[in-house]
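Just the one chain here, laid out as structure tokens, in the form predicted on its own.
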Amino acid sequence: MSRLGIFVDRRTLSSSDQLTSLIRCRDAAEEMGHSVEFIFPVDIRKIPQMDALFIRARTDPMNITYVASRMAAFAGIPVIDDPESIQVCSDKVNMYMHLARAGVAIPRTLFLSKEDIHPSRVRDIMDDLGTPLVLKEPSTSFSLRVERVEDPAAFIRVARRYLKMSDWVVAQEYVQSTYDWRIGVLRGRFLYACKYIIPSQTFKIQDSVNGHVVYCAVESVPPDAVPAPIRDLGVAAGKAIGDGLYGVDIKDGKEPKVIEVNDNPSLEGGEDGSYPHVYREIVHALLET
């Protein structure tokens, strides 16, 4: 019997949906003949005793989840997600560079330093990428520090704020859409597909509007209803990052383009509604391959 460690923290258990997702993962592993232990940060020393580790807490190179992933890798046990994937996906400059090198279609994108943030250069950038465009602080997640700007004054104001947190700002072509595709990729293979229906009040899947947080709706899409170009682009983007578990976000305009690759993607929102064996496939990838 193999032992699967599931790394969690108190935030992971703060919602009933996340707790239900964890229970489903545990049940799938036990049905396959494996034992499961939930590992909290205080018990991180137990990781080398596991046969595999599945991280279900927010990943970031600056927090304890990265330490857990690195411990598993150092001990030579399979881990999702691995330290390299966490590093790449937590830095949008790094992530987009990986995608570009692999020939994966992304919106037109520029990486800007503080020397670029002056009126004449900003006007040239907006002429090149179009108006509006999107500015991103590279370490952002959950749509934080992502803003749409309509004019040079707003561009400079937002960019200068982000440059207090990073040496770079990502400027990107704005792609209009009412939903994003999310393609789940595991070990270079298609895992699931869903649509994130963007709230009417914003252009992001999660945003604060008038003091209230609004979230996207999730619509699971059966395999035979996923367009082949979307599916193939998602898989290509996952492979460009590594060999882990990824959620690839795609805008489906005239040409589908990847806007982000997320390590440790959420599953508790119903993303797997049309894919009942998602957790079994994850457990199989960790313990049986």
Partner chain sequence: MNGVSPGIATPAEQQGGVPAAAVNRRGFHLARDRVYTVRYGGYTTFVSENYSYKSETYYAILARELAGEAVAPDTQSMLDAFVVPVCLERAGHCGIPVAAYTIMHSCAPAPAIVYGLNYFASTSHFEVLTGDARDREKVRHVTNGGKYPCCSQPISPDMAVTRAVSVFGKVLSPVPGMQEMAGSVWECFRIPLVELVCLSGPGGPVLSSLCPVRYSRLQPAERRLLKACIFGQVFL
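Numbering follows the first chain given and starts at 1. Quantities reported herein were computed from a predicted structural model and do not represent experimental measurements.
The form predicted together with the partner chain exists for this protein as well; it is not shown, and the discussion that follows is about that form.
A.B. asks: Quick one: is L133 in contact with the partner chain in the predicted complex, heavy atoms, 4.5 Å cut-off?
C.D. replies: The answer is no: L133 has no heavy atom within 4.5 Å of the partner chain.
A.B. asks: Indicate whether the partner chain has at least one heavy atom within 4.5 Å of a heavy atom of V104 in the predicted complex.
C.D. replies: The answer is yes: V104 has a heavy atom within 4.5 Å of the partner chain.
A.B. asks: Wondering, does E37 line up within 4.5 Å of the partner chain in the predicted complex on heavy atoms?
C.D. replies: Contact with the partner chain, no.
A.B. asks: Would V93 sit within 4.5 Å of the partner chain in the predicted complex, counting heavy atoms only?
C.D. replies: Contact with the partner chain, yes.
A.B. asks: Find the only residue in I156, L144, M97, I197 having a heavy atom within 4.5 Å of the partner chain in the predicted complex.
C.D. replies: Selected residue: M97.
A.B. asks: Would you mind picking the one in D27, D51, D232, D60 that has a heavy atom within 4.5 Å of the partner chain in the predicted complex?
C.D. replies: Going through each option in turn, the one that passes is D60.
A.B. asks: Residues T109, E115 and M165 are flagged as a possible site; in the predicted complex, is every one of them within 4.5 Å of the partner chain by some non-hydrogen atom?
C.D. replies: Heavy-atom distance to the partner chain in the predicted complex: all three under 4.5 Å.
A.B. asks: Tell me which stretch of 215-223, 184-192, 79-87, 146-154 has a heavy atom within 4.5 angstroms of the partner chain in the predicted complex.
C.D. replies: Checking each option against the 4.5 Å cut-off leaves 79-87.
A.B. asks: Even though the chain is shown alone, can you say which residues of 41-74 have a heavy atom within 4.5 Å of the partner chain in the predicted complex?
C.D. replies: P41, V42, I44, R45, D60, P61, M62, I64, Y66, V67, R70, M71, F74, in sequence order.
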